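Presented as structure tokens, the chain that follows is alone, the form predicted alone.
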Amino acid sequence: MKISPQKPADLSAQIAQAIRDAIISGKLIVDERLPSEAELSDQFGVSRPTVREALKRLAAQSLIRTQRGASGGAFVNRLSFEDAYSQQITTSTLLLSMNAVSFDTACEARFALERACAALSAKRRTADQLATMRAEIHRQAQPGLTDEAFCASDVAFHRALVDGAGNPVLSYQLAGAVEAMQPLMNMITFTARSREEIIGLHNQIADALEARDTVKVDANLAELENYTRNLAQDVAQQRRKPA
């Protein structure tokens, strides 16, 4: 593991990246103990506080864990897909907010990804996942539910649909699409959308999943996508009108 002291980048960031690369490449394996702070300091030619900062970065990414005591130290952690969800969501949210991504582009990506796993969800969804979707539909119909709470329920509904595919890789990849794109789309369309229309489409999706009808699930998601796109167009047209 090496760094380039001449480079302007933060030395602690370089050290963290070097260790991260070693973990990804398999040079450092799960549960392996990292060299001590003193050893890493000598290896990289930096101060111990710089090494300590690098280890904090890795711990924040759940790539390492620390243990106290005589047999303690820093160890390579086993990162689960669930642990990585928040990072995927944060990255997707930042990319969408910092780049000029149109609503149509985000909407197309979000539904294309979800429809890709819908067929698997129709085959594999569990009774618990179906119950979660039904519970969220019931919640969405409650009088007085705030827009924020409706949005959260909307995300939870689609999260259950995605998880129903029973594929952790798909669930991880779609975490950003559902939990980053969906709230952003809701923010644009919430003033014009009909909750009754969305609840009706959610019911159709749940019914199709319960019947394990892959064709209907895909068709219902396509209808929801068209409804969402039309809403966004209506909102954009209203905003362009002179006051």
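In case it trips you up, residue 1 is the first one in the sequence shown, and so on. Treat the numbers as computed from the prediction; the structure is a model and nothing was measured.
What comes next is about the form predicted together with a further copy of the same chain, which is not displayed.
K.L.:
Just one stretch in 139 to 147, 155 to 163, 125 to 133, 101 to 109 has heavy atoms within 4.5 Å of a further copy of the same chain in the predicted complex, so which one is it?
P.N.:
Contact criterion met by 101 to 109 only.
K.L.:
State yes or no: in the predicted complex, is some non-hydrogen atom of residue 59 no more than 4.5 angstroms from a non-hydrogen atom of a further copy of the same chain?
P.N.:
Because a heavy atom of residue 59 falls inside 4.5 Å of a further copy of the same chain in the predicted complex, the answer is yes.
K.L.:
Is the gap between residue 53 and a further copy of the same chain in the predicted complex 4.5 Å or less for some heavy atom pair?
P.N.:
Although a further copy of the same chain is absent here, residue 53 would touch it in the predicted complex, with heavy atoms inside 4.5 Å.
K.L.:
Looking at the partner-bound form in the predicted complex, is residue 34 within 4.5 Å of a further copy of the same chain by any heavy atom?
P.N.:
Contact check for residue 34: no, nothing within 4.5 Å of a further copy of the same chain in the predicted complex.
K.L.:
So in the predicted complex, does residue 30 come within 4.5 Å of a further copy of the same chain, heavy atom to heavy atom?
P.N.:
Result yes; residue 30 sits at the interface with a further copy of the same chain in the predicted complex.
K.L.:
Indicate whether the candidate residues 24, 76 and 90 are all in contact with a further copy of the same chain in the predicted complex, with contact defined as any heavy atom within 4.5 Å.
P.N.:
All three within 4.5 Å in the predicted complex.
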